[in-house]
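Only one chain is given next, in structure tokens, and it is the form predicted on its own.
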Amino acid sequence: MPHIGPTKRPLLFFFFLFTFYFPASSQTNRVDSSLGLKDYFKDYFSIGVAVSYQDLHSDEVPLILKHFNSLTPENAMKMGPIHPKENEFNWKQADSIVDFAVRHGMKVRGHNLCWHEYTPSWLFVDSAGNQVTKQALLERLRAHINAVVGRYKGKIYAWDVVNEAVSDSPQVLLRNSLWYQIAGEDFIVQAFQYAHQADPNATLFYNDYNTERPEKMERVYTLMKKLLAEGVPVQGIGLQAHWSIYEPSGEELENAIRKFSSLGLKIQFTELDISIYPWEKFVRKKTETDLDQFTPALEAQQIEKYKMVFEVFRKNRDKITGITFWNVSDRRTWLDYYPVPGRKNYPLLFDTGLNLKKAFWKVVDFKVSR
């Protein structure tokens, strides 16, 4: 054995100390470029992404196939785009997305069947331009759901049946939409009944935002409890997860999961992104001080928020059946247009060049510590 001089002994001691606490396996496994998000979470829940027709005809396709095993049509199945006139359907883009998923062995979440936005005006008026009756509106809703759900029966495993029906006002339970003005709460009840009749095997979700904020969480919970008590076939709750680096807290997120799972509902986080700007309750107009830059400070906050929410997701794997990101990469996101048009945002795990961001490795850090 060669002689080790006294000046080298401290160095050798620190070398052994380092290798004991940081074994080679934990160092080499941290960055495994062969794995996608769906591979890291294969024993947890599905990892999905909202896509457009254009996304599936772009250079984002390899990234989509590598990292995701579930697709949500971002806009193609909303009532306005797919059913613009009473006797006219635009199937091309929705068909293309579903066909892509089937070819590649991916699941599809249908989004959505009934919403107060992206809704064509013909639904609410008769041939004379007068507001339709409740019976007429519900019949049109039934025909729409039969046509859309029936077309994709067996190919779409879950539907966001009713979207955002709960009011943003703490004093009011349901949003005062035309759906509600004409049909009352029955439009929600019947939408779920129609969807269940059209495809008894599909899992049916109610989908909404701000569900982690205590006052809205309570009102969404009240609606879900009421529907279940009436035998309405709602089976899951979609928590949209349009969040920011400022919210939600881990406690708020845990509370929401615990609250809704107590009803026996399947939980999915359906529209995940983490904005670098304060969210809508703090919305400010775009000014010269908005540099639209992804600064190191903002990046650090986003990294920590992604780390926290996925730690909560993994902890509650027995209650969560799916996570869906809303858009593929920072190249194009809905937050580039809302709430302030023209203000660039950077809310996702892939940058404008389709490269992994640092937050990605915090999201999958649980593999390292196993």
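Residue positions are given as counts along the sequence shown, with the first one as 1. These numbers were taken from a predicted model, which means no experiment stands behind them.
This next part talks about the form predicted in complex with alpha-D-galactopyranose (GLA), which is not shown.
Residues 74, 115 and 163 are all found to lie within 4.5 Å of alpha-D-galactopyranose (GLA) in the predicted bound form, as judged by heavy atom distances. The partner is absent here; in the predicted bound form, the one residue of 306, 45, 68, 326 having a heavy atom within 4.5 Å of alpha-D-galactopyranose (GLA) is 326.
With alpha-D-galactopyranose (GLA) left out of view, the stretch that reaches within 4.5 Å of it through heavy atoms in the predicted bound form is, among 240-248, 296-304, 175-183, 89-97, 240-248.
Using a 4.5 Å cutoff between non-hydrogen atoms, residue 207 counts as a contact of alpha-D-galactopyranose (GLA) in the predicted bound form. Within this chain, residue 271 lines the site of alpha-D-galactopyranose (GLA) in the predicted bound form, having a heavy atom no more than 4.5 Å away.
A residue is said to contact a partner when one of its heavy atoms sits within 4.5 Å of a partner heavy atom; residue 334 meets this definition for alpha-D-galactopyranose (GLA) in the predicted bound form. Put simply, residue 78 is close to alpha-D-galactopyranose (GLA) in the predicted bound form: some heavy atom of it is within 4.5 Å. Residues of 120-135 that come within 4.5 Å of alpha-D-galactopyranose (GLA) in the predicted bound form, judged by any heavy atom, do not exist; none qualify.
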